[in-house]
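Starting off, we have a lone chain in the form predicted alone, written out as structure tokens.
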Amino acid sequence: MIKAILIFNNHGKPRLSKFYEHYNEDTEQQIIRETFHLVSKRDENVCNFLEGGLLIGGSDYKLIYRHYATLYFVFCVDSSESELGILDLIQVFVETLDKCFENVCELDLIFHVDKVHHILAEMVMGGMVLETNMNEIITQVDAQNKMEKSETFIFQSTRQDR
């Protein structure tokens, strides 16, 4: 099961954090700091799996991550998850973001956080992987965008009729 999904930049600023277990806000911030410290100090040419930090569950949990340009994508998982499967999930997530934002960058994560959370919710819910087919995820995101545009059009039409 996935315990948390974290995205932060090279300086440790969180750009997305999704916890599938309840923690108070202070503990979440400590987990983000500890995870960044563990992941950022590793060389680029080493394995992308490591034991979880003390706050996230220690040796019972694994941190699986990928570093793309200025962003770290980190999944905190328990021993029931496949490391290679999670690496593939990270790749699908990044490629989906790339397609939805046309070459995703850190600013897209900042200014479109709701859309990023929607994409993530299409892939993972309650710590369980729902969908790994990028085309299916994009189809659902496009359907949501169309619905939002039609609601906006209806809302604007009713306001102009007054």
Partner chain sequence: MPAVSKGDGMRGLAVFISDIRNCKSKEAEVKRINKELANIRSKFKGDKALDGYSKKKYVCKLLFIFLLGHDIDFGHMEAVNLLSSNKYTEKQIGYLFISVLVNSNSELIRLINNAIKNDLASRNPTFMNLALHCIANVGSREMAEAFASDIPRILVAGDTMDSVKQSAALCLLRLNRTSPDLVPMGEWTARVVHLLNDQHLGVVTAATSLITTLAQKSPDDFKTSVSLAVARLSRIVTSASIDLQDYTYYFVAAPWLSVKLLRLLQCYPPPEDASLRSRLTECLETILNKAQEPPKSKKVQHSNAKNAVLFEAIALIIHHDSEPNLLVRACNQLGQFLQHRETNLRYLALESMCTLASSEFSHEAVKTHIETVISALKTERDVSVRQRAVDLLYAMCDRSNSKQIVAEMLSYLETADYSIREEIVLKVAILAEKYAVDYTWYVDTILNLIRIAGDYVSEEVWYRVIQIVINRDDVQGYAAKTVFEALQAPACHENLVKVGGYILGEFGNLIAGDPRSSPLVQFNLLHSKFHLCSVPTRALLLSAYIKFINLFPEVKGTIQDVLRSDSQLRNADVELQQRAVEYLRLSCIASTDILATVLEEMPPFPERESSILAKLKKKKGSSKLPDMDDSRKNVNGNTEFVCKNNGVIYENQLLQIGLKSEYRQNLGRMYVFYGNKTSTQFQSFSTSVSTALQLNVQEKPVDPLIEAGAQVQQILNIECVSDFSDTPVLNIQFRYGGTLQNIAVKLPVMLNKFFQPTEMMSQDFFQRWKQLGAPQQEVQKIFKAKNQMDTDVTKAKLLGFGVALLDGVDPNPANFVGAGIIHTKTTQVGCLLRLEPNAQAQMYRLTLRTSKESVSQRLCELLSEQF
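Given the structure is predicted, the values throughout are model-derived calculations rather than measurements. Numbering follows the first chain given and starts at 1.
As for the form predicted together with its partner chain, it is not shown, yet the points below apply to it.
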property: Contact label in the predicted complex: N145 to its partner chain, heavy atom within 4.5 Å; result: yes
property: 4.5 Å heavy atom contact, H11 and its partner chain in the predicted complex; result: no
property: L107, heavy atom within 4.5 angstroms of its partner chain in the predicted complex; result: yes
property: Residue contact check: H37 to its partner chain in the predicted complex, 4.5 Å heavy atom; result: no
property: Any residue of 60 to 98 that, in the predicted complex, places a heavy atom within 4.5 Å of its partner chain; result: D60, K62, R66, S79, S80, E81, S82, E83, L84, G85, I86, L87, D88, L89, Q91, V92, E95
